[in-house]
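Below you will find one chain, with nothing else, as structure tokens; this is the form predicted alone, and questions on how it binds or moves follow later.
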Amino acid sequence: MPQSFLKRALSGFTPYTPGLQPPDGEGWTKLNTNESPWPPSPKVLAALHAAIGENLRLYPSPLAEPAREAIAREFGLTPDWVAMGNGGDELIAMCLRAFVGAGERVAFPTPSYPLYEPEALMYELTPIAHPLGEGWALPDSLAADEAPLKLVANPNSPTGTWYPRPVIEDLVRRSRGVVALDEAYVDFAPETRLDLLHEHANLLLLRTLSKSGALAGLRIGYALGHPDLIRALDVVKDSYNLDRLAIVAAVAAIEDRDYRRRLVEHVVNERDWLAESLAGAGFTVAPSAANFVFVRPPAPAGEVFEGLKARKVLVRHYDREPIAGWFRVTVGTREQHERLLSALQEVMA
């Protein structure tokens, strides 16, 4: 695109860069994008197969009502407390469109999910990053910020830090605008903050079925919050933002509670094993409540990353401060972890 056609606000803009996605079936050990180590539930696959038919010529439910109803039942809510999005990323964009006026502030901690800042810039908003404190603690300045929207990941990515109820409740109570609590990884954490929804009308929980639902390829996100907030999101959503197959998969995945429970148990157990193994190999390991571990190698990170990549093992490598030299490693299967450790042994030898 010729530069003259790009709007002035995006001059020199750097978009969000996802983790490397190599072609399927080429033998990579892919531990860089926090995908599920298991396939989707057999009940989800059966529901998808049953849904493939002539009805795909028809538009889906504009509000993805079957999915809203199933999610509401799961969390003891009514459907007017649930909004749907094309992945958690669209929910973030919907929050920016619904709650922040042109040029107004969007506040978030840093380091955190790197989509927050470029997404705000795309809507010509003013991103305000608040550096995390010691031990990746939320800074007091974030709660004091008067931005009409705050985006806070809990557990945080990439650090894996989980903030308990008193910290989040203080943040929400002191905020004049909406707090969108990004709980993409909360199924692997001690608790969700669902318990605060009825007490604070400015709190939104952003969730996803990409992780514990093993449905990253279908892009299904949902928000939980007061009906006034949900109606605001519906005002700005795309017309048919979930397709028919995504709606069917969302219902089947949220209803198969046992499968999600077993997947989460696997991830938590493997997370602990992987963290101990990497610590034993000399890595600095941060506490994690997510489906990944955040670690720093005992050798130059860039060299270790390239050595792993040459052996078809992918992790997420950060080269920006204050996390330069750290890796985020997705929790996978034991076989994947053993291949990672074997490759690390070769690289660092």
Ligand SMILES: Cc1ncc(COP(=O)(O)O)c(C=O)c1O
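For every residue, the number given is its place in the sequence shown, counted from 1. Predicted model only: the values in this text are computed from it and were never measured.
One more form of this protein, predicted together with this ligand, exists but is not displayed; see below.
Peer 1: Residue 157 near this ligand in the model of the complex, any heavy atom under 4.5 Å?
Peer 2: Close contact exists here: in the model of the complex, residue 157 approaches this ligand to within 4.5 Å, heavy atoms only.
Peer 1: Applying a 4.5 Å heavy atom distance criterion, does residue 210 contact this ligand in the model of the complex?
Peer 2: It does: once this ligand is placed as it appears in the model of the complex, residue 210 has a heavy atom within 4.5 Å of it.
Peer 1: Would residue 136 sit within 4.5 Å of this ligand in the model of the complex, counting heavy atoms only?
Peer 2: Heavy-atom contact with this ligand at 4.5 Å: absent for residue 136.
Peer 1: Consider residue 184 of the chain shown here, and say whether it contacts this ligand in the model of the complex, taking contact as heavy atoms within 4.5 Å.
Peer 2: Judged by the heavy-atom cut-off of 4.5 Å, residue 184 is in contact with this ligand in the model of the complex.
Peer 1: Only one of 256-264, 211-219, 143-151, 101-109 gets a heavy atom within 4.5 Å of this ligand in the model of the complex; which is it?
Peer 2: So the stretch in question is 211-219.
Peer 1: Only one of 113, 81, 188, 162 has a non-hydrogen atom within 4.5 angstroms of this ligand in the model of the complex; which is it?
Peer 2: Spelling it out, the residue with a heavy atom inside the cut-off is 113.
Peer 1: Within 4.5 Å, heavy atoms only, which of 89, 124, 170, 270 is in contact with this ligand in the model of the complex?
Peer 2: In short, 89.
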